[in-house]
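Single chain ahead, by itself, as structure tokens, in the form predicted on its own.
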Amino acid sequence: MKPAIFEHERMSSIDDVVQALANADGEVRVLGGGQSIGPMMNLRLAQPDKVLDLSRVEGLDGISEAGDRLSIGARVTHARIEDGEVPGTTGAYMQFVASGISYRSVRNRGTIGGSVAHADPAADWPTALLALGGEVKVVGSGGEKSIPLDGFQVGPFTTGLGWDEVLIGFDLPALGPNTKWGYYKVNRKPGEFADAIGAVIIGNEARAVCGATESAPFRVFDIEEKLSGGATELSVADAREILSGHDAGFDDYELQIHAVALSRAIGRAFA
């Protein structure tokens, strides 16, 4: 398949991107690495009138640490994260996640910002970053602002970004060296999108996320309460019982694999 006819514009600055979005006539999409929107356009599931290419915009590919916070630019690739460029415990967690995304050729081009902005429910970063916590950094006509990762993705391919806003990076916690983490996904074969994801972080607080749902990843507060109370394991049966109380639309098979993903993520955290 080939995409429908569209206009491609290579942007030189974030200000130009914001102005182009504000003055848009028709559907406009922002292009980072092209590994999410590209296939959608080839299959004609997305047919934008114009694509704004960020590949030459400066200031979007930095990784820095200041105190207990990490700043990661939207155009940082999965490959750079896989190669260990993010420091500390947060980096170790993100490195594990990145190494399981698709194939190296995709990781060389795909970006963390593009993944989160695209908001595919089966993608890794929306779930993995929700487990971390922190904020999304956004620029729009009203200037720069931060949006908490909690609630940023509101549905399949739907986020809290305004129509004239662009995601420029992330402000994430620098996890302490004693923080425990676990990440597990169920997929039919390596490289494919997940059918279920479980992600847990146990540090100053406990966070547990159920991902690869039909909508948006969500925190499982009952599991977080157990982890905060000192639990070091969770059976699949207990995870099923907890998840059955959520209105996630799971059938019996989906309930089972999401329970398995969360149970094994906790097992990895305390292995």
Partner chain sequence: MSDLTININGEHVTANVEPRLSLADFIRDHQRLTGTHLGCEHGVCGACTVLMNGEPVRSCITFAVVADGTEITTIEGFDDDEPMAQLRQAFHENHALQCGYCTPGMLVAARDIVTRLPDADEDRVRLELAGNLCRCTGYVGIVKAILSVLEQRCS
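Keep in mind the model is a prediction, meaning the values are calculated, not measured. Positions refer to the first chain, counted from 1.
Below, we turn to the form predicted in complex with the partner chain, even though it does not appear here.
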Quiz item: Out of 124 to 132, 171 to 179, 148 to 156, 188 to 196, where are the residues with a heavy atom within 4.5 Å of the partner chain in the predicted complex?
Solution: 188 to 196
Quiz item: With the partner chain left out of view, which of Arg75, His118, Lys137, Arg107 would have a heavy atom within 4.5 Å of it in the predicted complex?
Solution: Arg107
Quiz item: Among the candidate residues Val220, Leu234, Val57, Met41, which is the single one with a non-hydrogen atom no more than 4.5 Å from the partner chain in the predicted complex?
Solution: Met41
Practice problem: Give a yes/no on whether Gly62 approaches the partner chain to within 4.5 Å in the predicted complex, heavy atoms considered. | Solution: no
Quiz item: For Pro3, is any heavy atom within 4.5 Å of the partner chain in the predicted complex, or not?
Solution: yes
Self-check item: Contact test in the predicted complex: Gly34 vs the partner chain, heavy atoms, 4.5 Å
Solution: yes
Quiz item: Does at least one non-hydrogen atom of Glu165 fall within 4.5 angstroms of the partner chain in the predicted complex?
Solution: no
Quiz prompt | Any residue of 65 to 83 that, in the predicted complex, places a heavy atom within 4.5 Å of the partner chain | solution = Glu82
